[in-house]
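Before any questions on binding or motion, here is one chain by itself as structure tokens, the form predicted on its own.
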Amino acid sequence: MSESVISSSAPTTSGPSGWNLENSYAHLPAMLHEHLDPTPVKEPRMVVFNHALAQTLGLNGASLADQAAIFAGNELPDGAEPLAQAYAGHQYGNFTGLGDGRAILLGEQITPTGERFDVQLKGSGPTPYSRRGDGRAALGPMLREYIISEAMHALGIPTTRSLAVVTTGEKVFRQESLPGAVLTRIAASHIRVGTFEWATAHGDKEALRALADYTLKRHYPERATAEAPYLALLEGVMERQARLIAQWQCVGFIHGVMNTDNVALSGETIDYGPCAFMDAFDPATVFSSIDRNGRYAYGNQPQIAQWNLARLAEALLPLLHADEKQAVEIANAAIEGFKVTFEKHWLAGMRAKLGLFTEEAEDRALIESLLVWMREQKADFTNTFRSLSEAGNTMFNDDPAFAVWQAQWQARLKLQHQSADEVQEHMRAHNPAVIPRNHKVEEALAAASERGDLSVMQRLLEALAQPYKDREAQAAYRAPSGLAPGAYQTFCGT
């Protein structure tokens, strides 16, 4: 494995490492976590370090980029109080007990602006929740998470981020022997729908209340003083999830494993296992090797999000009302509002992609007719919308059906007062020129894992850093793979 380190330009800093850790989660009821240290590894080496993120967190990247031992779990930063979090989850619709089977929360970094971010080591060894697993991670999936999470951040979509990836000097065994690695994940928190399911499943109402109060204080402080704070919490989570899923849909992102343990109450995208971005538009698109029935297909993501939120509502029932029947009625009324909320955010996103500043009743039909045409033509999702952003030019101008739609679109644009230049600028700001194309991600992962060549990943990260700008360096990253639908599969890495 090469000893090269991928990083953004490191700011010139001096002094201590900048750790300002505490662990407020550790003060929640004991049933929600287990205190333990990461399992040391044989030979930690830094592969990727995110200097830009380090600076945001108030960390001294110039110092920490050389401290692979910390990011492998061999040493603990000052203030760390390591623990594994307990949670349950509905996996493909089936309830099961889970927990951090290969992750350790070191604590929460308090930034210079007073924000609080979880610092978690992923692949840090077995825990009481490992369920016979080895608690380790392979280099390829950890680099995938680094790439995709940074791409999502650049796209402006709420996401966990990756501070570092280190190799361990040890092998992990999946279908084959692979180089081991540990990823340092940064998150607003790791509180999940499954965390609430865990508390409710154990019948511990006080633990559930403590968790809800903690979540309100940490993520929804403006709702903590509401007349019905736990209903306000449910509504707040629903609002953020509706907006998040709408953002996924607007860039063709497919999460791949929308189990309730992968739904963060902060509203961030979490867990980049079998995720991918769609090339040719088709709502039935699935990439995950284990999603054989298409439960988590692109077109199903909104309704699955609502289903997951219904599980959160069920977990919160003991707090919503003392009478179970009334609690169910309250929960159902809240969950039923998801479709309207999602529709609002999705329409807003799609209007922006088409340069529509105002709202007209026929907008949904205009959007849907374009998507129907794209599906029939197997048109590339990203490139079609980006092409429309270039003064309305597309590769389909000689298609009669497209010409009909384009005439309708142009007529709609005339109902607003913005100039053609303003429309084009608005569209360019909402239609990425480049996304993490699946074949380019695989090229980068293969080069790093098989040959120790990090330069391919470096160039990919540079192309993804400014996705809404047309740059010559991005040209090679805009073409689809050319693979037939269904020919590309992704894997969860465990």
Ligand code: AMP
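Just so it is clear, the model here is predicted, and its values are computed rather than measured. Numbering starts at 1 and runs along the sequence shown.
The discussion below concerns the form predicted together with this ligand, not included here.
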- Should Q91 be classed as touching this ligand in the predicted bound form when contacts are defined as heavy atoms within 4.5 Å? yes
- Item | Contact flag, E390 vs this ligand in the predicted bound form, heavy atom cut 4.5 Å | no
- Message: Taking this ligand as it sits in the predicted bound form, is R292 near enough to touch it, meaning that at least one heavy atom pair lies within 4.5 angstroms?
- Response: no
- Using 4.5 Å between non-hydrogen atoms, is R174 touching this ligand in the predicted bound form? yes
- Selected contact from R386, R223, R144, R136, since only one has a non-hydrogen atom within 4.5 angstroms of this ligand in the predicted bound form: R136
- Could you tell me which one of G140, G99, G252, G256 places a heavy atom within 4.5 Å of this ligand in the predicted bound form? G99
- Choose one stretch from 207-215, 150-158, 223-231, 123-131: the one whose residues place a heavy atom within 4.5 angstroms of this ligand in the predicted bound form. 123-131
- Task: At a 4.5 angstroms cut-off on non-hydrogen atoms, which residues of 51-87 are near this ligand in the predicted bound form? List them in order.
- Result: Y87
